[in-house]
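Given next, in structure tokens, is a single chain: the form predicted alone.
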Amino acid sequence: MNILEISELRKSFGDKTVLDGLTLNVPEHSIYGFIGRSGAGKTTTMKIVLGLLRSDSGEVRVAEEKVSFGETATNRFIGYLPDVPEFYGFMTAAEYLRFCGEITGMQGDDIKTRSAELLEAVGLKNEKHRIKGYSRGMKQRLGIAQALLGRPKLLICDEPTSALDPVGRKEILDILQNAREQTTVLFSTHILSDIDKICTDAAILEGGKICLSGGISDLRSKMSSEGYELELSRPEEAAIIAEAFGCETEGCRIVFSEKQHSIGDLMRSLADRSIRPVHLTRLERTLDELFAEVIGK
């Protein structure tokens, strides 16, 4: 089952087309990475999903219910963390969650139990300071706790790690990964290493459309290359093999493509010359390189 279905979504601001027939399906209990450059339309898409922005055309469904602008009944299924969450700084984390629970109609005992669970999950269980003294990372963690308070079927996070240091980013990614046990996670980002670490699925947004999407394993297969790097003991050995195979060489290293020469031919050539390889490594494209290729950069 898809928890989120977006079909042929279009949105323009004046003469600028931001979304141009965007179609996206997010499977239930996935961690879905929504990748795109700054200004690609990720936040616009999320606002339409939340019913906060009117689309020009297209359809959005959350948990099989249609989303309508200004009529946010489907938001009962959604928890949302904006890129810069705002809080009442004079409150503690526990007070803030209690306040959020009360205004959404949760029962007192449930608020207390759920708040304790979430504050422990995000590492704020023993934090007694007022929110105004929180770091950016602590606010992001509290924002995730607030977004999960009502047990949503879909957790949407807009650039949740963009302004954090490496430690803070890891903490947030760990929390999102653990949240998958309770919900489906959709988060937008332009930090591709975050996608590589925790996502089960991903989509690349460019030109207002999804130009590549699928499971991470499928994307990894597209990242595979037929390039290899061979390291030998001495530069003169590398020069001999490079000349025989027409490869590039740098010191003791040779880079070659299997489209030109098979590994079998290479190993036979090494054996014939009594040359022992030190390392033979398959070169893999990174997600950054795949992204650059897809968007034509």
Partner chain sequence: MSTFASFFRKELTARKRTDKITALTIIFLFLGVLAPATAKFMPKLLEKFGDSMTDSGMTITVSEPTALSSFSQFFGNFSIGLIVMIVMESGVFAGEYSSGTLIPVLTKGLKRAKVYFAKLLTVILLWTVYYWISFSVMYGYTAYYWDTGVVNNGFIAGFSAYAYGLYLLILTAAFSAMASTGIQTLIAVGAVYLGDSLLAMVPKLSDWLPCRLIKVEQIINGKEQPDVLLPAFGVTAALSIAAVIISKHIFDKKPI
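Positions refer to the first chain, counted from 1. Everything numeric here is computed off the predicted structure, so don't read it as measured data.
In what follows, reference is made to the form predicted in complex with its partner chain, a form of this protein that is not presented.
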Option touching its partner chain, based on a heavy atom within 4.5 Å in the predicted complex, out of 213, 146, 161, 188 | 146
Within 4.5 Å of its partner chain in the predicted complex, heavy atoms considered, which of 177, 75, 200, 182?
-> 75
Applying a 4.5 Å heavy atom distance criterion, does residue 271 contact its partner chain in the predicted complex?
-> no
Any of the heavy atoms of residue 52 lying within 4.5 Å of its partner chain in the predicted complex?
-> yes
Any chance residue 135 has a heavy atom within 4.5 Å of its partner chain in the predicted complex?
-> no
Tell me, yes or no, whether residue 153 is in contact with its partner chain in the predicted complex, where a contact means a heavy atom of each within 4.5 Å.
-> no
Please name which of the stretches 98-106, 167-175, 119-127, 188-196 has residues with heavy atoms lying within 4.5 Å of its partner chain in the predicted complex.
-> 98-106
